[in-house]
Structure formats: structure tokens, C-alpha cells
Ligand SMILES: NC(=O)c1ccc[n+]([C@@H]2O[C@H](COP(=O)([O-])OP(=O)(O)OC[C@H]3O[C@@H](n4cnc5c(N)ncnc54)[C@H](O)[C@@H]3O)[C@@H](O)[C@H]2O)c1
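The chain below stands alone and is given in C-alpha cells; this is the form predicted alone.
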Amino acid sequence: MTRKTTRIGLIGYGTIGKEVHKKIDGDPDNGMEVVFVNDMDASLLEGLDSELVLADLADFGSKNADLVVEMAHPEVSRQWATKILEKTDYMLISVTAIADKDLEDAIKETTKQHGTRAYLPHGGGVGVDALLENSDVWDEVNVIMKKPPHNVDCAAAGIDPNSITEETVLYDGPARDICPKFPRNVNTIATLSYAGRGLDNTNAKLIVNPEWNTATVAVEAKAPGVDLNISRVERIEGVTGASTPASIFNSIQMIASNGPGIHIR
């Protein structure tokens, strides 16, 4: 049986983008092929095959990608999500972009009109399947994130992380409102909220402590007869958890891989 190769476009070629590209190319039997790479910083693309470099994202249609993956910044989705979804499927790892209700609605409407799909990766989230399975019955969902302050991009919130000398709660409230304050840090919170009770009905808490050297994500959810408590602790580099690149690749693989073997979706 001949399997169709899934053509994949990558937007953003930092730590995550490079690792995802490496993993896709590392298995010739996975049924996936990277057909373009785009980044606003052209220096990050040096050394790539010129056939892969897409200098102008407006030309993405010429590459006939089956799936375009954003691994850059929420602004990419604001500018390009609906344009891409008019032609093909789209995964956004900067999930905080959909805290913009107008963009969220536009993405949904575009997929309906053009028969495409938008995907949110589970990223550093834990318990996503459990939240989805009971999304209609949760009475309460809380997502707690803990990090060292120097691993939080506080610029949009107007906070100087160097001024934090003790354990501090930077945010405690509806998940939708934390996203524009810490757009590079809380994609996991956005995904977990979307999986459970939604961005407006999930409580998000961001706590920092200069004495910590790891990142923690915890989910606490309650429903009649169901009590979910799960967490993950991992080392962190910059604003990204150590498991994130592999997790993003696994999400892409779940969607796009046509390779042989036994697969858990």
C-alpha cells in the first residue's frame, strides 16, 4: 500500500523549530517531509537548503503544505492563521493567541468555510485527555504554573523579574486574561483551559520564586464523582520547558505521520 507523504511547513526556527525539523528528518519512514521553513530572523535559516527557505510567508501557498506549524510568536497567528487556514491545516504552539476572542472566532469560521483544521498541541500540559473527556461536567478547573522569575518574560505585564526576591503570585484569575500579560509563558495554561472549561471559566495562577530552578505545571479539577490532580516538574531553559520540543513533535506526529507500526493517537 502506498502511503501519502504529509508535507509540513515550519514557521519559527528557534530551539523548538530546529528540534522539530531534526526529528522529522531523522526518521525517513515516518511519512512526513518538511517543505519550507520561515523565520523573521533570516540568520537563523543560514545553512539550510535554499529550497527549504521561504523568505516571504506570503508565498506559503506555493509549497503546497498539508500542515503549517507556527513555533514563533502569537503575532504570527494574528496575521496569518486565517490566511493559512483558507488553504491548509494549521497548528499554533503560541496558543495564547486565541485568548483574542475575535481571532478565536475567525479561526473557527475559516475552518468551517474551507474544510480545514486548526490544532492546539498539548505542549507542556498534563492531563489534557482527562480534561477533554470530562469537559462538559467539570465544576471547577484550576491550572497552576510555577517558575523562577528569570524564566518568565514579564515585559508585557510591566514587571521587572530582577525585582522579585521571594515567592510571588504574578497572576490569579481567569485564564483568558493571563494570556496577553505573559504571552510567551502560558501557552500550556491556554491549552489546558481550552481542553477543560474554556478560557473564561478556568482559573489560572502563575507563581514565581527565585529559589526555584524547575518549572511546574499542575491541574486541579473537580466534577461529580471525579477529582483530578496531576502535575509535572521539569528543568527549564529560557521560557521553554525541557520536554516542549519533543512534545510539539509528538503532536505533529499524531496528526501527520503516515509511517508503519502501531500508533497511539
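Just count from 1 along the sequence shown to find any residue number. Quick caveat: nothing in here was measured; it's all calculated off a predicted structure.
The discussion below concerns the form predicted together with the ligand, not included here.
**Q** With the partner removed from view, which of 165 to 173, 121 to 129, 102 to 110, 82 to 90 is the stretch that lies within 4.5 Å of the ligand in the predicted complex, judged by heavy atom distances?
**A** Of the stretches listed, the one contacting the partner is 121 to 129.
**Q** So which of R184, R78, H150, R117 gets a non-hydrogen atom within 4.5 Å of the ligand in the predicted complex?
**A** Contact residue from the list: R184.
**Q** Answer yes or no: in the predicted complex, does the ligand come within 4.5 Å of a heavy atom in every one of D39, L44 and T244?
**A** Judged in the predicted complex, D39, L44 and T244 all sit within 4.5 Å of the ligand.
**Q** Could you tell me if I255 has a non-hydrogen atom within 4.5 Å of the ligand in the predicted complex?
**A** No, I255 is distant from the partner.
**Q** When the contact criterion is heavy atoms within 4.5 Å, does F249 count as touching the ligand in the predicted complex?
**A** Close contact is absent here: in the predicted complex, F249 is far from the ligand, nothing within 4.5 Å, heavy atoms only.
**Q** Please tell me whether any heavy atom belonging to K146 falls inside 4.5 Å of a heavy atom of the ligand, as the geometry stands in the predicted complex.
**A** No, K146 is distant from the partner.
**Q** At 4.5 Å between heavy atoms, is C154 in contact with the ligand in the predicted complex?
**A** Because no heavy atom of C154 falls inside 4.5 Å of the ligand in the predicted complex, the answer is no.
**Q** Going through 80 to 103 from first to last, which residues have a non-hydrogen atom within 4.5 Å of the ligand in the predicted complex?
**A** Read in sequence order, the residues that approach the ligand (within 4.5 Å, in the predicted complex) are I93, S94, V95.
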